[in-house]
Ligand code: DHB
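Below sits a lone chain in structure tokens, taken as the form predicted on its own.
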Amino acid sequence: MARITASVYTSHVPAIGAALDLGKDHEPYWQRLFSGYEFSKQWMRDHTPDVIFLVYNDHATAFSLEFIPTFALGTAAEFAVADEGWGPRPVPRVIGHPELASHIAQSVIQSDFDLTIVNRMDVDHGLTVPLSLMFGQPEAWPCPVIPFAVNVVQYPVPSGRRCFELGKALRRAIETYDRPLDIQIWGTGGMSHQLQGARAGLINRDWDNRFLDRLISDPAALAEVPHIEYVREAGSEGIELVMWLIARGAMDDIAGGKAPNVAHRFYHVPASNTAVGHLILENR
């Protein structure tokens, strides 16, 4: 049977992608940030999965205010890189896994989660920046990726509890797939940041690091944190962090297994006007 071997968590700041694409990653401003992913790139070479289930949020590219799915599962065989206004990033197309994605849709919907099935979807920096951080700049991504877009842009957005419970349903779905696949679940977005208004530029190091602590050691309690705390403490865009709870809810310990191994943890400020958090958890 398929199994989840690890979860990966990272911010997906668009300026990170631009820095990589323009060859600025060794400049003093960016070098400290990218150095925090050197371990991760080697870890990925040593632990390349068969499939990545990547949780991210669309930034008004595949979807708009005319159509806002809360949870959108990409079931296509491949996904084009979106043009976000300055041309698509010069990164490979994303190859999907329709068979596994369809199985997940069947199982998760039967577990009473309403998913939007998307057979055609361009993917933006929310998905491609994490891939670049973990894989560098290859000619092709080394494994298929199933995109899973969550609405954290237009209220109402799903609660942390809902996301955490969805992670549990994803784990059950994956473990009933009848091929021996090694699967990783990635949660992306965050950490603290606000892009507009009187608090534009807000970064809360203490809250971010407490979030990482709780994500590791007490995710069930973290899932109960209300939206207003994310907005108050981590800024209007800090709500993206509920997506990390989907990946965390899929780990073995949530279903009674052993606590995960913390393979890597990294936190850095600033990247543009955003705090960057990163974590790799391995099932034992």
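Residues carry their position along the shown sequence, with the first being 1. On a predicted model such as this, the values are computed, not experimentally measured, just so you know.
The same protein has a further form, the form predicted together with this ligand, not shown here; the description that follows concerns it.
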Note: this ligand not shown here; in the predicted bound form, the stretch from 130-138, 169-177, 190-198, 110-118 having heavy atoms within 4.5 Å of it is 190-198
Can H47 be called a contact residue for this ligand in the predicted bound form at 4.5 Å between heavy atoms? no
Any of the heavy atoms of H227 lying within 4.5 Å of this ligand in the predicted bound form? no
Is H125 near this ligand? Define near as a heavy atom within 4.5 Å, in the predicted bound form. yes
At 4.5 Å between heavy atoms, is T10 in contact with this ligand in the predicted bound form? no
Near this ligand in the predicted bound form, with a heavy atom at 4.5 Å or closer, the residues from 37-67 are H59
